[in-house]
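Single chain ahead, written as structure tokens, the form predicted on its own.
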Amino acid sequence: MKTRLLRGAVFILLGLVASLGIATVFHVCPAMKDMVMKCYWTGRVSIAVGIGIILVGILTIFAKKKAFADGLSVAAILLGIELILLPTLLIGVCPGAHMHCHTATRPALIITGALTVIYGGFSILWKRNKIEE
């Protein structure tokens, strides 16, 4: 139970950084009356992806079967890849290099996504070498 709790807590923490971080510290441009910037939509979708990572973490805590836990780790890897692709290829951020979304939001999403992918892969390998309690 302790290892499942630890694995789940790390996914929950990464999801909180992705969702609450974008909503607070690494904020994007607000929607204006006449214009909505690309980074606004990147922020909205990244909050949803962060919530998905949080749900993966919660389910990981309660996953007793190895195959289900591996599937959750694969889901976390895919969500992490999506976090990386959102500001780079899928939606993007503002083109201005001086904009907050370009200097803070984009790196935060890329780093959080990369950590999620790395930890998801590590979680699968960890379960392969360890007998589940």
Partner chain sequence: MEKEQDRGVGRYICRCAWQSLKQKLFQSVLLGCFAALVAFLVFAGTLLGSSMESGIGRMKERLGADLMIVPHGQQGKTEKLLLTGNPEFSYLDRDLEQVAANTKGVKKTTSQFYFSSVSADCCSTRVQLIAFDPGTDFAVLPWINQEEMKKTKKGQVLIGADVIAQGDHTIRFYGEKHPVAGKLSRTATGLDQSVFMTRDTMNKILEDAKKKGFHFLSPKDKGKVSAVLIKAEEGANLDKIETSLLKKATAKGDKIDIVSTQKVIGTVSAQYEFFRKGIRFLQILFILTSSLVLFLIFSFSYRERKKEFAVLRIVGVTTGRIRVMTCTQGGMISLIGGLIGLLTGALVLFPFRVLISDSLQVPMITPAAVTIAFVALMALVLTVLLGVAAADIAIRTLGRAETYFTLREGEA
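Computed from a predicted structure; not experimentally measured. Numbering follows the first chain given and starts at 1.
Separately, the form predicted together with its partner chain exists; it is not shown, and the next lines address it.
A single residue from the set 99, 74, 85, 61 has any heavy atom within 4.5 angstroms of its partner chain in the predicted complex; that residue is 99. At a distance of at most 4.5 angstroms from its partner chain in the predicted complex, none of the three residues 20, 41 and 92 contributes a non-hydrogen atom.
Only one segment in the set 75 to 83, 62 to 70, 30 to 38, 44 to 52 has residues whose heavy atoms sit within 4.5 Å of its partner chain in the predicted complex; it is 30 to 38.
Interface residue remark: residue 13 is not counted as part of the site for its partner chain in the predicted complex, having no heavy atom within 4.5 Å. The shortest heavy atom separation between residue 124 and its partner chain in the predicted complex exceeds 4.5 Å. Put simply, residue 111 is close to its partner chain in the predicted complex: some heavy atom of it is within 4.5 Å.
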